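A lone chain, given as structure tokens: the form predicted alone.
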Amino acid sequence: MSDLKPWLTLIYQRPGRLFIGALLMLAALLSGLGLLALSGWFITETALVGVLLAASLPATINLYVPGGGIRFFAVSRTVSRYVERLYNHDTVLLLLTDIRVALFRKLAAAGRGQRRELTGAQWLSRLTSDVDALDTLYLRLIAPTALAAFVTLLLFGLTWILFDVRIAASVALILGIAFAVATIGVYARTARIAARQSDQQESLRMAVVEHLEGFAELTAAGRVGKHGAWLMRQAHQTATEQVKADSRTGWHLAGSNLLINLSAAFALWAGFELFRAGMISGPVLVLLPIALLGLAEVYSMLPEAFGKLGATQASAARLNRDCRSNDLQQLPEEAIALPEGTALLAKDLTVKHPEHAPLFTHFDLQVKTGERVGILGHSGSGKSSLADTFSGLLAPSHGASSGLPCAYLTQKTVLFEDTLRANLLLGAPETSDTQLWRVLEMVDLAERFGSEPDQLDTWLGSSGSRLSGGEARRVALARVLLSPAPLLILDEPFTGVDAPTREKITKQMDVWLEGRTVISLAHGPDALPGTDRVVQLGV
């Protein structure tokens, strides 16, 4: 369960919503039990009165109070169930938001090098199936288990009040066994299978994605049929594991339902002796067994939830492992403090990627506050890795780097499938529309989007697909320029931008960036904005 601990802690950060959601579920469940129990009592009482009247014996019955109670429970069950579904599904969406935000924060802390350890197919699995396994943890597992235990205690108390303590203890023992069969028993018999099946499903999903991505190569090699047959064998093996887990879950579900029915039969048999002794009436004798039968509604949710708990743990373990933060491993060998008036200080840096030779060693750089430094180097010289190190995304293998908070324009343009406004506001959420138009004018895009019907609310498409490469790059540059960070790191800021536009933007950036510290990286001097000095890598 330790793998689930960080995610459970995250879920429990909304105790108010969880408590209200549990109360709504309890209201729906108690309304259902009340409807069953009161209906059973009313039908029995009506039948007994009918028998007495048929025998010409005096008998009376109050039709209004129990009839009103039945209508109340029927309406309250419907209303509470509707409100519960609406409220708890909204809660699940909020929990999903919390989980995804926490996940992306873990990814940001993990560093780019660590994120590259997994393929795209694996990350797709993490961000979809593994997250989905966690977002319904409360609604599928935690709340039903707690409610089943609570309602079982309530029925124990009801049995004690209506019958006696011995019968109540016996009923509680049977229900306790049913609870254990539906929870601990299912988990013990399916945890390993579910975890193994989760891993197999991930492997199969990765294989299918890779099959689709490499379909042309497989076709050229004449191996489409063989690889497809291998995928079918893997799918059959996964389905076999699923059948095994479902079969065990089904048997435990049947066992728990059998025990619930046994508790109802025992309560009826034991209560009949009390009825013969005149200690309880006939309708009361029927009320309790029917209420016990109503427990099947909540108990039936438990075996499936605990049958998937092993898979949920496996998903949590994968997320914890692959999104871990290597803070202890990324600490520099010696901490360095920024001298007064310094925006960035790098001392004796050695930067390398795992299983590769160092890109450069013994690199020193001091950038003063307000200074603009250009760093030049040919492709593969390590410019982007150096920028990653300055921004804190990549830990140096030797030496140390320290700097002011920074905004970083990475070499690869990243735009979200959203509006222009939403993409720009990522850099500074409080920015006004006037400032947005100012920065768009600076990167020579104001006229381009001013002619669009939606202007700032223009949809950019997937990864900015509605824009040219140069336009997408300038939107990303504008987003970074809007950031209030005192240090800007710009890696190839003018990729895809023609020379006249680049010169125009450079002149306008000089005024916008006055007093701020800028480190620009490019392959040639013509691709740099205005600089005070230039550092050449590989020299």
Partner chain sequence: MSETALDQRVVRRWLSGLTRGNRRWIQGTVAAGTLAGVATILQMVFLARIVHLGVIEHAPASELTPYFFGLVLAIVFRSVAQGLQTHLAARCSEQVRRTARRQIHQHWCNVGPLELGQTSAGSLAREWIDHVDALHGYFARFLPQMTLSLIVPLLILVLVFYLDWLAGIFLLLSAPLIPFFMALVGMGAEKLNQQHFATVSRLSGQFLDKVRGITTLQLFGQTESAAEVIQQRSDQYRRITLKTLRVAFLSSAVLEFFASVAIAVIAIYIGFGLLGYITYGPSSDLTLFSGLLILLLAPEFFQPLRILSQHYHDRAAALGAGAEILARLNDGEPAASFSNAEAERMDAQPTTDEPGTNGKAIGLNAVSLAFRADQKVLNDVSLMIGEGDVIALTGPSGGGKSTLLNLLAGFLVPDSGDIHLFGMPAGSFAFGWLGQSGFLVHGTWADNLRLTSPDASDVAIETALRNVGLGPLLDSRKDGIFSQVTEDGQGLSGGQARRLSLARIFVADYDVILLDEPTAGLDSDSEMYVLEALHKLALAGKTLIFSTHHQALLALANRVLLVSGGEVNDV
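What we label the rigid core is the largest C-alpha set whose atoms superpose within 1.5 Å from one form to the other. What you are looking at is a predicted structure, and each value in this text was computed from that prediction instead of being measured. Residue numbers count along the first chain shown, from 1.
Here the subject shifts to the form predicted in complex with its partner chain, a form of this protein not shown in this document.
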Since only the chain is shown here, I'm wondering whether Pro500 would be in contact with its partner chain in the model of the complex (any heavy atom pair within 4.5 Å).
no
Would Glu447 show up as a contact with its partner chain in the model of the complex if we use heavy atoms at 4.5 Å?
no
Check Asp454 for me: does it contact its partner chain in the model of the complex (non-hydrogen atoms, 4.5 angstroms)?
no
Verify the contact flag for Gly214: yes if a non-hydrogen atom of it lies within 4.5 Å of a non-hydrogen atom of its partner chain in the model of the complex, no if not.
yes
Contacting member of Leu127, Leu345, Leu274, Ala195, with respect to its partner chain in the model of the complex [4.5 Å, heavy atom]:
Leu127
Could you tell me which one of Leu404, Ala188, Ala317, Leu218 places a heavy atom within 4.5 Å of its partner chain in the model of the complex?
Leu218
Counting any heavy atom within 4.5 Å as contact, can you tell me which stretch out of 85-93, 149-157, 363-371, 169-177 lines its partner chain in the model of the complex?
85-93
For the stretch 134-158, return the residues whose heavy atoms include at least one within 4.5 Å of its partner chain in the model of the complex, in the order they occur.
none
C-alpha of Asn88: shift of 2 angstroms or more between this form and the one not shown, rigid core aligned?
no
Return yes or no for Asp418: a CA shift of at least 2 Å between this form and the one not shown, with the rigid core superposed?
yes
Any chance the CA of Ile70 moves 2 angstroms or more between this form and the one not shown, core superposed?
no
